[in-house]
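The data below hold one chain only, encoded as structure tokens and taken in the form predicted on its own.
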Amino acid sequence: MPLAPDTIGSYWEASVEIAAVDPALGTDLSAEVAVIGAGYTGLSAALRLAEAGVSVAVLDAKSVGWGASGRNGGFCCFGGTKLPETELIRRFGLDEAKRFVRYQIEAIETVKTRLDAWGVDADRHSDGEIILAHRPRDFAEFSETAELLDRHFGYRPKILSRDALKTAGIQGPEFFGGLHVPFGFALNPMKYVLALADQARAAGANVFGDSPVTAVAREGAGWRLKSPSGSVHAQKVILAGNGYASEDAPRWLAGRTLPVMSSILVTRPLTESECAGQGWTSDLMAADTRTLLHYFRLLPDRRFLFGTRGGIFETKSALAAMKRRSRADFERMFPAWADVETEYFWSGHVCLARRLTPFVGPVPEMDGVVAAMAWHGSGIAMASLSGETAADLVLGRIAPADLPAAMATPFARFPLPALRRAYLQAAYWWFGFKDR
């Protein structure tokens, strides 16, 4: 039976039947490939490898969907980087920026194709995504953005004025216009990741829960992955822990990624009159133009999901403060719903990299180890395709040069990594000031 609100924080967990629990690794075993992380990336890699006849063991510190793959907002959309297209062009050149955009579109299509082929009812809705200008000057910049996307990337987002937003059922005191991007859709992320795990198991992948990898060490021609109650010896390894990865397994990861918090609240179901009273009846997934953005959508059961970025620490007091801020932002942006109860609230990790781009490729000086991580808060699509890409690198079907340059460069270490959360906090204060 689905879990009740008072027994679980995540609405996604409450919306599904309790899944079978994968066993913990309880012995020493061998596999051709070991995968660390049983989320979208790791399971996509495992499915690809198992379908190719490769023996694969997936190790997760908790369980399928416990991490970001079961905690996110359910936006299957463009993602993987915090860089705008103009900056992608500046850093990597126009041709490489185009390759990266095409990869993101392919990633969205990968998830759609899977759900169709598997017959999974994942509560899909939303024809693309709308970006809402939270200031008039942000709306004024949409014309230039749309022209650039049309000229260089072959698609033009639709610009909606404030009156057009009202007609579309998208209203709020902080929305001064919208930019509708014609790619992506929303879904129940837990239903998707559980279906992905079922497919990987059926293909022959061995998935182990409650099996944190505590060390990755060279042993013979392969690698030994140690866990508290067993170990795996593998010829190849895929690092797919993203924002939940341990910096000790392997030590190469130390200081190279930065997990930060994103929080989500979900209300009780809204009545039609309540939706009309706020002026929000659209099923489009949406986000605002703040650097510390909010993301939100009306779910198929008429609950409203509202996400907030900006948290760093996971202390009890910090999480309580984040919950208060999220609720205050929700009530300010949707004042007609100020008295609508929050039934679910939870947080999860977003994985950032210093260059603000992901990395999919061989880990330097660790022959046979491939990483696929850092989706910067939009990983449903990118992680799914990139898991397959990591598997294809392991299988020798592709080479690193076949990937867009924006995602093929290994992570750089953050300066003074022990202090990286502290100086990011200072940056967040600055972003909060600029976002006003």
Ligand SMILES: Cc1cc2nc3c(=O)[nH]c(=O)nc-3n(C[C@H](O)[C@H](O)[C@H](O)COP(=O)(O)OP(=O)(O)OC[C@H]3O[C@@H](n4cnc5c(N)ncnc54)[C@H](O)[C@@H]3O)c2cc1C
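Throughout, we count residues from 1 along the sequence that is shown. It should be emphasised that the depicted structure is a prediction, and the values quoted were computed from it without experimental measurement.
One more form of this protein, predicted together with the named molecule, exists but is not displayed; see below.
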key: the named molecule in the predicted bound form: contacting segment from 58 to 66, 402 to 410, 363 to 371, 22 to 30, heavy atom within 4.5 Å   = 58 to 66
remark   = Residue within 4.5 Å of the named molecule in the predicted bound form by heavy atom, from Trp252, Phe304, Phe92, Tyr295, is Tyr295
remark   = Checking Cys275, Ala353, Val350, Ala122 against the named molecule in the predicted bound form, the residue with a non-hydrogen atom inside 4.5 angstroms turns out to be Val350
request  = May I ask you to check whether Tyr244 falls inside a 4.5 Å heavy atom distance of the named molecule in the predicted bound form?
outcome  = yes
task = Considering only heavy atoms, tell me if Phe75 and the named molecule come within 4.5 Å of each other in the predicted bound form.
result = yes
task = Please run the contact check for Ile36 against the named molecule in the predicted bound form: heavy atoms, 4.5 angstroms, yes or no?
result = yes
message = If we define contact as a non-hydrogen atom of the residue within 4.5 angstroms of the partner, is Ala383 a contact of the named molecule in the predicted bound form?
response = yes
ask   = Is the named molecule in the predicted bound form near all of Thr41, Val213 and Ser263, within 4.5 Å of a heavy atom of each?
value = yes
